[in-house]
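A single chain, nothing else alongside it, follows as structure tokens in the form predicted alone.
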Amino acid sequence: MIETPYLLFLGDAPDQLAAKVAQGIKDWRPQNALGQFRMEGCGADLGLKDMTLEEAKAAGVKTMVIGVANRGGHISDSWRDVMVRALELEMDIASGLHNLLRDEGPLVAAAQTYGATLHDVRVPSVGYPIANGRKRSGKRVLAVGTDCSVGKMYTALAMDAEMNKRGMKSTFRATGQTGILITGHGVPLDAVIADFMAGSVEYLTPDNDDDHWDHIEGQGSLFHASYSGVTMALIHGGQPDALILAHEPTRTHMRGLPDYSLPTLDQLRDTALPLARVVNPKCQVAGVSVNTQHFGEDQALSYLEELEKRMGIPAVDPFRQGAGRLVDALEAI
């Protein structure tokens, strides 16, 4: 078990989006987020109290969580110095980076010396099967995005929270480091061997009651040259009954790929739905989730209204407005 409360390490994150792991924990488990640690040049701010490591220890922090998701998941030398000092103060460290804590000699040595624990959440702990494609009972919904980091996890968490509030049967199924750190369990999908990725999603979303909904945490994008494979595994392994299209309308190019523009929502729908129907011919596109954080209120409402009118399905920002209308659409399936 990863002990709480947390100090959220933002390091030298260049912008707010790079700190999405920490942001997710702060938004969905605020009771666990005691403060933030930022290095010189950090471009992210969660609005939490800035703490030194010594202040965090004195305040009762048990674990420093690496809240940055950098490209490739690497631990820099400057980070390593901070992490060693945290271990010297007998704080545990939890990380979802591809660069595993257990492979870092100085961190392992410090943890052993000071009795601290290193938690690598991006390490598969189960021998997953190869997908068999058999239809499972229960219902499943997957958010698919025009790009990475557009709000797929937030959409799933918001729909799950709304269903639980209504007394419906519902479970959020984490497939990435942030979701696992929020819920405490799940499949670190992008660390699973490729042949077993779809099978791990089948394992994560087993047979269930006919009126139970699994909200599968989305990853990557079918249109992203770097990360499309993980999305494909979610679509075929998840056998979704419904897709939610996720979009951030102010992006000028794909995340990390400046030479690639984003697809339109129509392109996303027309690509993802036929692929989903390979494993579930009854799959439907139920709604659109739009991340409007860079819009003012009037601009956001106008954009959503126009989008909904054009596409003929509910279009909402679940973080700004709640996921009620998306859940209404799922209930109608």
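Because the structure is predicted, anything quoted here is derived from the model rather than measured. Quick note: we count residues from 1 along the sequence shown, nothing fancier.
There is another form of this protein, the form predicted together with a further copy of the same chain, and it is not shown here; the text below is about that form.
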Open item on the list: If the cut-off is 4.5 angstroms on heavy atoms, which of these, N208, S149, S226, N99, is the one near a further copy of the same chain in the predicted bound form?
Closed with: S226
- [ ] Work out which of A161, V82, M232, L89 lies within 4.5 Å of a further copy of the same chain in the predicted bound form, going by heavy atoms.
- [x] M232
Task: Segment assignment from 113 to 121, 162 to 170, 243 to 251, 184 to 192: heavy atom within 4.5 Å of a further copy of the same chain in the predicted bound form - done: 184 to 192
Open item on the list: Checking a candidate spot here: are M197, L222 and L275 all in contact with a further copy of the same chain in the predicted bound form (at least one heavy atom each within 4.5 Å)?
Closed with: yes
- [ ] Give a yes/no on whether R134 approaches a further copy of the same chain to within 4.5 Å in the predicted bound form, heavy atoms considered.
- [x] yes
- [ ] Consider I130 of the chain shown here, and say whether it contacts a further copy of the same chain in the predicted bound form, taking contact as heavy atoms within 4.5 Å.
- [x] yes
Task: 4.5 angstroms heavy atom contact with a further copy of the same chain in the predicted bound form for V279 - done: yes
Open item on the list: Check Y260 for me: does it contact a further copy of the same chain in the predicted bound form (non-hydrogen atoms, 4.5 angstroms)?
Closed with: yes
